[in-house]
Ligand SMILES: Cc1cc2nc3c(=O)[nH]c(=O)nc-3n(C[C@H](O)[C@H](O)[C@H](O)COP(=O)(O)O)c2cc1C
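One chain follows as structure tokens, the form predicted on its own.
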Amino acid sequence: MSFLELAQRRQSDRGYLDKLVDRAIIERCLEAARLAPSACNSQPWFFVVVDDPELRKTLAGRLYDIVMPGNRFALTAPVLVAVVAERPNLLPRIGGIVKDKPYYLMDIGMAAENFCLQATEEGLGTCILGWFDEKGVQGLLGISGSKRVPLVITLGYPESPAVRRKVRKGLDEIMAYNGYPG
């Protein structure tokens, strides 16, 4: 499929079939993430893949709470991927402070989207989660308290093969040539 078709198909799936995902497929998704660009090629990411059923169930329990019960669907995902923020190279760290821009988070976002696009190409569904018990996730997975886990990605075969209609602003609402309008 073309890239625009792939982008159209990629969506946040919130229900998965009880079907294992082959590790070779997971590793192709991770390879796509690995190839993402990053500031000064710092590659400030590490991926903890959780496919052990008991650990996955426990981890999924850390992804929702009374404030965000909607993430409970993570219990149905056969794979959860914790994205760990690694210490970026010196130049992006300094630049991030000077420019007040967390470059490492932008880098992780691009890697996560590459992961999700490859998963879509493989016929899998994903959902990127940012609201969860980060300390609980860190403790469960043995991630040092000095590191951050900004995202967890659910991965599996979607419960529904239907591609939802995307509701997005029109191009005329989000772009202008040669200057900001108004």
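When you see a residue number, it is the position in the sequence shown, counting from 1. Remember, it's a predicted structure, so these values are computed and weren't measured experimentally.
Absent from the display: the form predicted together with the ligand. The rest refers to it.
The candidate stretches are 54 to 62, 36 to 44, 123 to 131, 23 to 31, and the one lying within 4.5 Å of the ligand in the model of the complex by heavy atoms is 123 to 131. Contact annotation: residue 71 falls within 4.5 Å of the ligand in the model of the complex, judged by heavy atom distances. When contacts are judged by a 4.5 Å heavy atom cut-off, residue 169 does not count as touching the ligand in the model of the complex.
When contacts are judged by a 4.5 Å heavy atom cut-off, residue 151 counts as touching the ligand in the model of the complex. Remark: residue 12 counts among the residues lining the ligand in the model of the complex, judged by a heavy atom distance of 4.5 Å or less.
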